[in-house]
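Given next, in structure tokens, is a single chain: the form predicted alone.
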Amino acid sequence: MLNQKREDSAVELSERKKKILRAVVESYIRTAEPVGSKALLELADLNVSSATIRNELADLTEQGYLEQPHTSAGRIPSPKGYRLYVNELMQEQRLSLEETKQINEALHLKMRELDKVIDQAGRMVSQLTNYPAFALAGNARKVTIRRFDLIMVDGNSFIVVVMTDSSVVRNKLIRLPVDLSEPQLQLLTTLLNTSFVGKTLDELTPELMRVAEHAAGSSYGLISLVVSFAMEVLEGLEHSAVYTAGTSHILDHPEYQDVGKAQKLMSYLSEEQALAESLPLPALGDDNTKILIGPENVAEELKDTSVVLASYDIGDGMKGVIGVVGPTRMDYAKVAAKLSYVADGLSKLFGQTELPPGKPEKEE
């Protein structure tokens, strides 16, 4: 599932050391407490003495897979230890029937606007994982206008509805100093859909200038108002739109009881453009899930965290990413399974095919 580069293959660990490392990681994920040799006797299911386990812990610490917060404390995983766990020791998780049902219901949204679907998916992921979540869509091509709709409100106001060919919908109320009739509004709608549909942001201004040569002054004023709004919409889509949710969840984890540390991360997550620039967009066709542990993150603000993300295909040359940010003490298998399922569901949703049935967790 996770096609990451194995950077730590230079040192081959014995099966016993791998069992101990896996036990330390999974215990620390559950408890956020350092793990000692006595606890490992039961957790690792090894028929060896406590002294042998202490020696193995010392070796794993010396090799950089574990860390010891204090001299008398147990061990915790290092970023290198988490990486080996993710690459080789982590078991793939299956979602429960309840989890797959919850995700499918959230993805079967009646609303058609792409941005609202992505925003809702980010909120759902945050609730499912109890971590701050983000979702974004990036354009691999220039977006164009698909359709204009003008809806009469009263004699001197109407609503402009602009839909792009990437299924983004925006609307705006326009008030006029003079009255406008329904036939005039219909004529304006026809002209807009004849002249400005299929145009990119760069093409709208030259087309507006061409129309200006033939339109009457009052008509041109109305056309200019609507086209200017369409240009604002397209300009906003030039950048990847990022939606964040559940940033306060970071306070639920013991690693962020330090208010200063928590505020620094929460502040960064609120800077949506900076977050978008620091997140890699996995290439479509590749394995859709990626895990970045601690120092593997580009942004300095994320160096003490882990980021799990999954890519999805919006179609028509567009792709997106959905993911979570949390402490390195994260249940990577469970989080990756949920993100992968949501990403697959989004790809199916935008492709108008069936949602994945999911792989229910086996009853114990």
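Not measured: the values here are computed from a predicted model. Start at 1 with the first residue shown and count on from there.
Just so it is clear, the following notes concern the form predicted together with the DNA, a form of the same protein that is not shown.
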Original post:
Out of 314, 325, 310, 57, which one falls within 4.5 Å of the DNA in the predicted complex, going by heavy atoms?
Top reply: 57
Subject >> in the predicted complex, the one of 35, 339, 321, 330 near the DNA [non-hydrogen atom within 4.5 angstroms] >> reply: 35
Subject >> Complete contact of 47, 52 and 75 with the DNA in the predicted complex (any heavy atom, 4.5 Å) >> reply: yes
**OP:** Would you mind picking out the stretch of 62-70, 331-339, 22-30, 295-303 that comes within 4.5 angstroms of the DNA in the predicted complex, counting non-hydrogen atoms?
**Re:** 62-70
